[in-house]
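Taking the form predicted on its own, here's one chain by itself in structure tokens.
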């Protein structure tokens, strides 16, 4: 069991940063503190009563994450808030029930450090980031609505926060609400069950300048929620107010009410793909620099080759390394990395090399392994070979010339062409993108 000491809370925060999304961590855990830990009893102090209430609602998830982090299966976690006289904030969080504070006094629960300046832009997210910045600088004047879609942990929530932060910086009087579709539904249900005033609920979301709503796919099957949001959407759009939404797949593929699905396609739909190797390295470098803790280049490259598809997992691995380095007062080297990430590396334990990628792709597409290096150009050979080149760039630290050499001495421009072709097909064909993800898991030995 992990023993409590002055460095314990950063270590626990590192685990929470992986278990919860960026916005949740920044809003609820970053400014929380470990008030007490004796035996199997732990007490967390939230920044204010509203965040304490949210933690109570998420107590099962929090307790599970902290039990794993502390290696104490019997750990019990409770939550408290500072006394009223010590509170230094007037935030009224959008996820909670309608509060009596007037709308003009409400501040949005935006994570202050999730900004465009610390969002690393690469080929997989450049268009989405540019669209978000345009919206933040001129709400409802460019793309309205703006819908971002992509897999878990690729930065959608970061961009939502970045929009809100930049918009407020330029126009401090803007009224902005940021909420998940699940919490929108929960709040509506709570108001209805308690006999509350639905006008207050509707005003909360319809009298704003920018509505940022995360994970709209959770509205699927919730007819009343879709109906309420449909009218909210119409009201805001007719007033010339900005709407930004995120989802995990293209809106046209979400089984929402047709009227609502069409609304989301009125504006701009931008996808966010998995970051390439260089972008992953840049993300880690920027993260380490922001924390004032330089990390050797070979460690950045090792992490970028190991955690390839999820930025949250990638950054979480770095936080775990920093926590252990601080606790043990040791320099960051390969031995420390392997100790800090022991469990995660077991999951990613199968070594990934160009050879192993070629073997897996050849087996999947029922072609001869020797054809990976042959000069054959038939579609049955050339297309799988292009997939293998793409995966070699994504999953290994090999340079373009090195990859070309491994595929029969091909020029690096041939590798670039293959990468672009596969990236485009993944963008245009969600089923193919899923097949590639399945292949990645297979290569990594996760299945």
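Positions refer to the first chain, counted from 1. Small disclaimer: the values here were computed from a predicted structure and weren't measured.
The form predicted together with adenosine-5'-diphosphate (ADP) exists for this protein as well; it is not shown, and the discussion that follows is about that form.
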Point to revise | One residue of 233, 119, 79, 307 in contact with adenosine-5'-diphosphate (ADP), assessed in the predicted bound form (non-hydrogen atom, 4.5 angstroms) | key: 119
Check your understanding: Using a 4.5 Å cut on heavy atoms, which of 146, 128, 311, 213 is close to adenosine-5'-diphosphate (ADP) in the predicted bound form?
Key -> 311
Review point. Only one of 156-164, 69-77, 320-328, 235-243 gets a heavy atom within 4.5 Å of adenosine-5'-diphosphate (ADP) in the predicted bound form; which is it?
Key: 156-164
Review point. Might residue 250 be said to contact adenosine-5'-diphosphate (ADP) in the predicted bound form, defining contact as any heavy atom within 4.5 Å?
Key: no
Exercise for review: Report yes if any heavy atom of residue 196 sits within 4.5 Å of a heavy atom of adenosine-5'-diphosphate (ADP) in the predicted bound form; otherwise report no.
Suggested key: no
Check your understanding: Taking heavy atoms only, is residue 192 within 4.5 angstroms of adenosine-5'-diphosphate (ADP) in the predicted bound form?
Key -> no
Point to revise | Contact flag, residue 315 vs adenosine-5'-diphosphate (ADP) in the predicted bound form, heavy atom cut 4.5 Å | key: yes
